[in-house]
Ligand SMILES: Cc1cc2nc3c(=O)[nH]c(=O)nc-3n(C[C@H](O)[C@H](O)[C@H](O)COP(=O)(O)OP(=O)(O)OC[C@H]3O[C@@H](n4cnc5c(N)ncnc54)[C@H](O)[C@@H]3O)c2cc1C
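In structure tokens, one chain follows: the form predicted on its own.
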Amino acid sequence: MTVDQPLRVAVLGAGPGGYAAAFHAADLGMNVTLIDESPLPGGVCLFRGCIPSKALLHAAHLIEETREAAAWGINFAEPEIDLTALRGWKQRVVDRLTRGLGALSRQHSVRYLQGRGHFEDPNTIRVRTDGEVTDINFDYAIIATGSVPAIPAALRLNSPLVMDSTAALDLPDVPGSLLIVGGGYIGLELGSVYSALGSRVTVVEMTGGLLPGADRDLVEPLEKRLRSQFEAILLNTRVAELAEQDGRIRARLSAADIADPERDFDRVLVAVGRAPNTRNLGLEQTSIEVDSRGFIHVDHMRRTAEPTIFAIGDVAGEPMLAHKANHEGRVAAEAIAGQPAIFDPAGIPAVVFTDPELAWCGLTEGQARERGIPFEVSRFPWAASGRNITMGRTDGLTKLIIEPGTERILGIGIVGVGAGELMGEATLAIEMGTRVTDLHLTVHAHPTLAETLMEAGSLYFGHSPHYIARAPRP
């Protein structure tokens, strides 16, 4: 669809949501300006988040696999870590993707403007770059400014030894000891990288379990493996204070049963979450409404309280995921074009790229219980999977949350090597309202990891050829 008079659309923020919105809006015939402080599109995800972290995690997984190969009769020498070369590899990955997005911007005829944008009124964004000021007048704007690391005031120490996720991804060195504050996905992913490189990692998590909000059945195999790799995992524990002393960081820990509350570390990574990047955007010059956490209120089309402005991605609420932002960007562009578009996915997949990986989509068991939704569970352990046994990795599980009576699949959770790659089929099953019978009767290749989805479906009916449940399903 095109419009007779090209609409002027300004997209503020060039991350996965922003560039997706800009490219799609341009394809729909709009005159698009994409604004970001970085010289090329990509945003936090590409420059300082999911892409560089996955490059480092791939290296970490390779190191761990060489060590595990000894059990198969294959022995490697301990790796020699060249941090300069490793940083270079990570940067080449980022550069290749950002250059590609720059080329795509030109191919889509999107004007890219580097600078910091600020709303002057509901139809104008002022962009400042190196002392120059450019006013962009628009018919519609899309805010896609993402999020920033959140650091509690008590942990804001003016020391290069205290890092946020951005600094940690720069790999300044491999510290002998590393304290990670926060047992969420960022802390565990980066902790896995530094542990593989040789750091003694201690994780402090204020709640009673790692990855708060994730299914406990999925977290258990990961926690067991991480406890064998990390120096310590301290749950129900807080970091009350950080102080720099003699070139190290002294942390004062607070917990009911901790014997040594003061401990010294070479470096500290604060990874307690992220906050929406909505400050200093000039939102007060518009009718946009923001909640107490800084999230922008949007409707099902991602339109804000200001009719000319939409918001997508991290600034528009949880979950803060790149693929959610990407999908919202397409919805916003189509809504601006007058197409019948709403953001209403049946499920949004989440993946934690640790080893083993965790992935889920739809309802978790905990969410179903909290909401009083009737459900049944089918669990297929990867210890019964031929493919996983050949890999020497049986620490996995495929879990289905099923609606009684209809047999509709409400949620799928997977923990194990490559779990994230299995989420495509799982997400499609949730989105299409698939019944467990459909998984059970769909022929999957043998032996594969994906076969565990079929096995979990078959097990619900007691038909799995490779596993017999010790107890009837709940």
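All residue numbers are counted from 1 along the displayed sequence. Keep in mind that what you see is a predicted model, and the values were worked out from it rather than measured.
Just so you know, the form predicted together with the named molecule exists too; it's not on screen, but the next bit is about it.
In the model of the complex, no heavy atom of A26 sits within 4.5 Å of the named molecule. Remark: E37 counts among the residues lining the named molecule in the model of the complex, judged by a heavy atom distance of 4.5 Å or less. Proximity of G416 to the named molecule in the model of the complex falls outside the 4.5 Å heavy atom cutoff. The named molecule is not drawn, but in the model of the complex it has no heavy atom within 4.5 Å of G411. Of the candidates A337, M206, A322, L97, A322 is the one whose heavy atoms come within 4.5 Å of the named molecule in the model of the complex; the others do not. Site annotation in the model of the complex: the residue of S165, S177, S195, N123 reaching within 4.5 Å of the named molecule with a heavy atom is S165. In summary, the region of this chain contacting the named molecule in the model of the complex, judged by heavy atoms within 4.5 Å and restricted to 65-73, 39-47, 437-445, 420-428, corresponds to 39-47. For the stretch 276-291, the set of residues having any non-hydrogen atom within 4.5 angstroms of the named molecule in the model of the complex comprises N277, L281, in sequence order.
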